[in-house]
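First, one chain by itself: the form predicted on its own, in structure tokens.
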Amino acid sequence: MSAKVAKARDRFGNFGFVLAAAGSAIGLGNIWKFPYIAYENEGGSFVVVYLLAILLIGAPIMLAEVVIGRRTEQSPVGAFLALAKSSGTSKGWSWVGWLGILAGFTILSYYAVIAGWTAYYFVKCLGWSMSGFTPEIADSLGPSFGAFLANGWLQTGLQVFFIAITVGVVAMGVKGGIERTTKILMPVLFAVLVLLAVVSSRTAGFSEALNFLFHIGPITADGALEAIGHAFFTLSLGMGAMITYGSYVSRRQSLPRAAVTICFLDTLIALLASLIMFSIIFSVPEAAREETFTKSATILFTTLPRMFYAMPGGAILSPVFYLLVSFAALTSTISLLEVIVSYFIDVKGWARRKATVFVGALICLFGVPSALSLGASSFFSDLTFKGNGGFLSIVDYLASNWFLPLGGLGIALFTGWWLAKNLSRDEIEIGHGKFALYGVWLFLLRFVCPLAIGWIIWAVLGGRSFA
């Protein structure tokens, strides 16, 4: 790393890094997917395994990524090349960085489509709140959502709109764009969640939701695997986002404390979202719950509006909820774009604005098939691969089941076995002091994390899908 590059590199403030990294991790997976899989696996014991997986797998890999990032002050590809050289190992490890860029590019291309739905339904809810949410509107939510998905121009336009906002934030830089935005969005997101949690505590299903979420009972091996898989995916691990954000961290910041704080915030948001969702779901008759709570993310748009408007204050809570989901999606898309943009800045020497606009345009183009694969185009909608129908589902399957686990495995193995111990220990102790758990961290990276991720990959080979 040249002194010139190091001097020119932008920096997060200490609190800014934690909020930006937590924003990267917190997204639709926390607000919708975690509640669903917790519900499917009967709550309590699944949550315990999930918390253990965050502690023993998620946090160690999180720390490994930010160590790699801050040590090199490089994007994922450059980071692995630099560390391979300083550790005397093969430059071939750069495949981990390349896989992270591929994952970020792929995920953002279709995630922006779904993120666009949240912005659209925020506007829809504002309209319903002002004009009245009638029984006719409630009955038409399913069919109208299907027609919405099949509108290719609207889907593409919403995707472009969301990426354009993301490009605008990233183009303003680390300090002036990403940190400033997340310092606004994250406190608002948390405040909205707390508000919704307080309101949900007054619903008929709150007590049952609380008991369901925190009771201890049996759990199957399949449920444990699901918990481990989601703990890994929810923290944005394996795609270079934390390496990239770590490269902007001050030398004064304690990386272990930052990693634990990020994991804590991500988990807290998931638990709050579950409490809110379960309170709403458990307020409906038991016979209707399976129909109400489905694996599809469409529950957010076909079921929840009707349930929100049936609650006291629903005219306010419904648009507030979709604003929350939009904010969560935006903090994630920002980090996904920054992973790719940082490569062009660090390795290619491009100006930030040029790199951001170029990458944003490419992602928009690659995302069009996903936008059209929801009914607008029979060609893209009818594509199938490994039981996944539609272009969007296919790329989601590839990213979630292959790119991220392989990237995470590479990070764990490289940091645990190939990265020189003096480099990793020194980097951890800068800004922190003596790290008494260094040996434990190394053991987890060398053995526990690879075995857990290997179990995920083995399950995928056997036909399991974590998309």
Ligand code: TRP
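Each residue number is its position in the shown sequence, starting from 1. Keep in mind it's a predicted model, so treat the numbers as computed, not measured.
FYI, the form predicted together with ligand TRP isn't displayed, but the following is about it.
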Please name which of the stretches 366-374, 299-307, 332-340, 319-327 has residues with heavy atoms lying within 4.5 Å of ligand TRP in the model of the complex.
-> 332-340
For this chain shown on its own, do Ser24, Gly27 and Leu404 all sit within 4.5 Å of ligand TRP in the model of the complex, going by heavy atoms?
-> yes
Is there a heavy atom of Phe162 no more than 4.5 Å from a heavy atom of ligand TRP in the model of the complex?
-> no
Indicate whether ligand TRP has at least one heavy atom within 4.5 Å of a heavy atom of Thr234 in the model of the complex.
-> yes
For Ala241, is any heavy atom within 4.5 Å of ligand TRP in the model of the complex, or not?
-> yes
Does Trp117 reach ligand TRP in the model of the complex if we count a contact as any heavy atom within 4.5 Å?
-> no
The listed residue (Tyr121, Tyr111, Phe282, Tyr248) that reaches within 4.5 Å of ligand TRP in the model of the complex by any heavy atom is Tyr111
Since exactly one of Ala258, Ile107, Cys125, Ile276 fits, which has a heavy atom within 4.5 Å of ligand TRP in the model of the complex?
-> Ile107
